Structure formats: structure tokens, C-alpha cells
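Only one chain is shown below, in C-alpha cells, and it's the form predicted on its own.
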Amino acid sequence: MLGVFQTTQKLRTSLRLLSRAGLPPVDLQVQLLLRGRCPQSATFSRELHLGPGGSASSPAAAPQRLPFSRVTVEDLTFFRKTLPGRAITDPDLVQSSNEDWLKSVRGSSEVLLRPQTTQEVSQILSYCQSRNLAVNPQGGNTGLVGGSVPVYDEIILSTSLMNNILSFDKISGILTCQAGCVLENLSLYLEERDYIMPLDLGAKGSCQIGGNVATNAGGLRLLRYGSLRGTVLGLEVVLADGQVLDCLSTLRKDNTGYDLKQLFIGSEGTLGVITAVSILCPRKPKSVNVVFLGCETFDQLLKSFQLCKGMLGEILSAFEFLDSECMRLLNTHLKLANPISDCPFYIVIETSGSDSDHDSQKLHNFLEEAMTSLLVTDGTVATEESKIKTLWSMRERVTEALTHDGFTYKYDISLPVERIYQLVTDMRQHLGERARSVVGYGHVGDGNLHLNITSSAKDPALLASIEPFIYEWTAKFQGSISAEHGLGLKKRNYIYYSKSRPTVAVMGKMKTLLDPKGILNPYKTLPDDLK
């Protein structure tokens, strides 16, 4: 198969694995007794969200704190009785749950609750609603839009200890587990049983399945296995009043009434807390190949995708891209060497099937046609697991490389496929020298662009140049301002670029019906003007 490339230029056939590349604890009960209520904490938290030079008028800024109750000594007594040893108030332990992993959003919660069962979640929410205490549900805290951390002093409800696999049906491939199971752990469990998870994310080592479902995460396998709206068969959800909604079906077909689980997929914890998931898992492929290709133009990349779909068909499981700026950051910050010659654009293609000879022949035919047609200029193929991981790292570690390039403005846009890279080009022209880097990568197979812009530090003037330009551009071409990351805190007020006002109004009515006091993940997902 590699001989196809050697007819054009010498390929690198030997890929080396690349190395990837305070205050003393004070008991919150003592703090509460000493200070009573502390209204200035809301001001402090608001300043954290605005950042240096930030403006409260920015649609992404935190709104004013809503009139929720504040935690009292009596509240702590209840939480400690309900969760012995798992109601955390040590500031050093709570700190990491207050801040998102990008370190761009930080709340000021003083209480971290770690339930282990659905019943404990039910007790907590029932109590919090009766006391009008706001709650921030949190999974692996890998979100990118400020949806997984408090805005002010909301109680953090972590599902990290709800990590049990409840059942697995080897015949149907249906897995049922608690919401706190880490995606990578589920993948390892299934692989031992000759199955895989239907989604794969760069954050799989930290993200939790409950958070994946709550944000309707897409990832690298959506092209092959579809979205979580199709693979999730059932959910168990605790509503704001503590009522447990048991929709934990394991049936492929169930046409009795409304499909309520769909309300909670992608709702970002604003309608209920997901405590368990049942999900349909595909069989583990016996044959996996990964190809890393280079293209001179984005038009050639799109034509390669079209050819790929036609010639690889049922074995195509991923078609990803990254641009030369991404490669520069990988080289510079993570010391990852380019496995092929330098090109303006790079493609990562994965095939997975049940017959290695059949798959290899189909892949060989595709590569031969792509080379003959001059759609690609260079490439390499990996069939061994270690080399496959190396090639995938060129795509999966772009986010990591960006964190070393400065403050990052991250955008997750869905567009008609032919428009994907035009936005990157137009943004570069629009910003000029004001940005350090403007890079584009993402999932060509489902029209999902990850546009990232870096600067030396948080820059309100630069942000004002990016937004709303990016949202207006996206709306102009009938795209979505959030393909898979959700809206969270940062994008809530931009929802109208993708959804009509009547549609958003219905969303508000759903929120009011299921969470009348608004205690679940306040300040997120829905716009501030929705009363």
C-alpha cells in the first residue's frame, strides 16, 4: 500500500512515538460563623469572570447574581449528615472544581458535594430547592464554554464518585452505567468484551459520560456511529425538586409517548442532573487503519472527502483535518514532528471493519486514486496500534498545543462543509496582526470547525473584534454557533444567532416547568433576557 505514495515521493515509513511532549485550609463552618453573610463575594466572583479590563456589557460576561440563598451552618450540617465525609469545604480541595481546565472561568463556591447514589442526589436537590440554594452539576470539568463551573457561589454537585458500571448485555451491546464513569474507563471495559464506545473525544481520560450526554458531545466517531441522540437509549435524571425520572430504558424501540430523555441530552445540567445512562455500543472492529495525508488546498481536501466517502463507504469511521498553523503549534510547543512533508492542510482518515484484507484493498484503491488525481501530495499509513496513536495525536493534541500559545479564544462552529475553512481565512483577514495565531481544525465529516484564536494575554479589545463578527458570519451561512461544546456561560446570549426567539421562548417554558426556582446551573445556556 505504501508503494502508492513512493511513486510520487519518498514517504516516511518509520514513525517514532512522540512523548507528550495558597491559603491554609479553613473550615467553612468557622468562616460562616465569623462573617455571617458575605455580599462582597458576588462582586469578587463577577470581577473574576470579567477579567482584567473586562466589560460587564459583554454578552459573554457573568450577569448579576440572582437572589439565591447562601449556605448556612445548618445547611452544612444537613450535607454532612447526608454525605458523610463527602461534603467538602476545604478551600484547597474545592478550588480545582471552581475553575475550568482552560483557566478562563472561575467561580467562588465554598461547598463541593460528592454523592455516590441517585438517592443521595435526590436528597440534595430536594433540600436545595426547599432552601433556594443554587446547584452547579459537574462531571469531568472538561467543558470549553464555562458550563461546568460555578459563576458565583453555587454548590458544586460532582458526579465523580458515581462511577459504577451497572450492567452490560454482551448480545445487544447495551451498556448501563452511572453518570460519573470516565469515558476512557468505559472504553477499556468494553474493549475487553470486544465492544467499543460509540464516541471518542480528546478529553476521554477525564470527561464523564454524564457530562458527555449533558452537552451532547460529538467527537471523532460521529461520522460512523452518529450522535448521542441516537446511541443513548435511556437516562436516569434527578429533577430540581428531587424527583427521580426513570427513563433508563435499554430498548432499541419504544414508541410510548414523548421521548423525554431527549430533553436532557444537550441541556447542560439546566433541566436535571443525569445520574445514569444506557447506551448502545458497537462491536470492536477487527481491522483499523489510520492514514495521514497532506493537501495543497482546502478544495482538494473536500474533493478527497468526497472520494473517500464513495470508495471507503462502510469502513470509513473518521475524516478529520488540521491546517499548517496547527502543525506549527504542535511542532513548537509539544515537539511533535510532522510525519509527512509540510503542507497547507492535513487529513486524518480512519477506517474500521471486520476483514483486514478487504479493508486494506479498499484503502489501497482510494489512496491510488487520490494520488493519481493529485488530490494529496504526501502521506503515511499506520496499522499498528502504537503508530495509530501517534498519528491520532497530531489531531487530538492541537487543543493542548494551543494552551501553550497564550490566551485562547475557542469557537465550535457548524457550517455547510464547503464553507468551513472560509471562516478561518476571513477571520485572519479581519483580525490582521491583532491575534497571535488563528487556527482551524475539526470534523469534516459532520461540518464541524474548531476555530481557535490566541493572544499573549486576555484581550478585551481583541474579543470585541472576534465577537459578534464570528457569530454574524456563521448566521449568514445558516450555521450553528455551537456544534458540540454547548452554550454554557460564554455563549448563552448568542443563542439567537442560531435559534429563533419563539424557539428560545419554548426552551424557557421547559426550564420553568422542570426547574421553577431556577436553581440548576443558573446563568448558563439560556439568554439573560429570557424571563
Partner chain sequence: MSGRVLVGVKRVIDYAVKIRVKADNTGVVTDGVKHSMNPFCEIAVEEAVKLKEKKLVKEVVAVSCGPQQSQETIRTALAMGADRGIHVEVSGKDYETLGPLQVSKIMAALAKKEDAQLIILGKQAIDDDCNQTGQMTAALLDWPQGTFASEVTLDGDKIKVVREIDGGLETIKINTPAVLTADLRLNTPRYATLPNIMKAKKKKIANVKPADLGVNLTSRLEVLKVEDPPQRQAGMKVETVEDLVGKLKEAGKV
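Positions refer to the first chain, counted from 1. Small disclaimer: the values here were computed from a predicted structure and weren't measured.
Beyond what is shown, the protein has a form predicted in complex with the partner chain; the following relates to that form.
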{"query": "Heavy atom of Gly180 within 4.5 Å of the partner chain in the predicted complex", "finding": "no"}
{"query": "Partner proximity in the predicted complex: Val381 to the partner chain, non-hydrogen atom cutoff 4.5 Å", "finding": "yes"}
{"query": "Non-hydrogen atom contact His333 with the partner chain in the predicted complex at 4.5 angstroms", "finding": "no"}
{"query": "Distance check, Arg80 to the partner chain in the predicted complex, heavy atom within 4.5 Å", "finding": "no"}
{"query": "In the predicted complex, the one of Met371, Leu423, Leu302, Leu322 near the partner chain [non-hydrogen atom within 4.5 angstroms]", "finding": "Met371"}
{"query": "Gln123, Gln129, Thr231, Thr390 - the one with a heavy atom within 4.5 Å of the partner chain in the predicted complex", "finding": "Thr390"}
{"query": "Options 438 to 446, 140 to 148, 257 to 265, 371 to 379; stretch whose heavy atom lies within 4.5 Å of the partner chain in the predicted complex", "finding": "371 to 379"}
{"query": "Residues of 168 to 199 having any heavy atom within 4.5 Å of the partner chain in the predicted complex, listed in sequence order", "finding": "Glu192"}
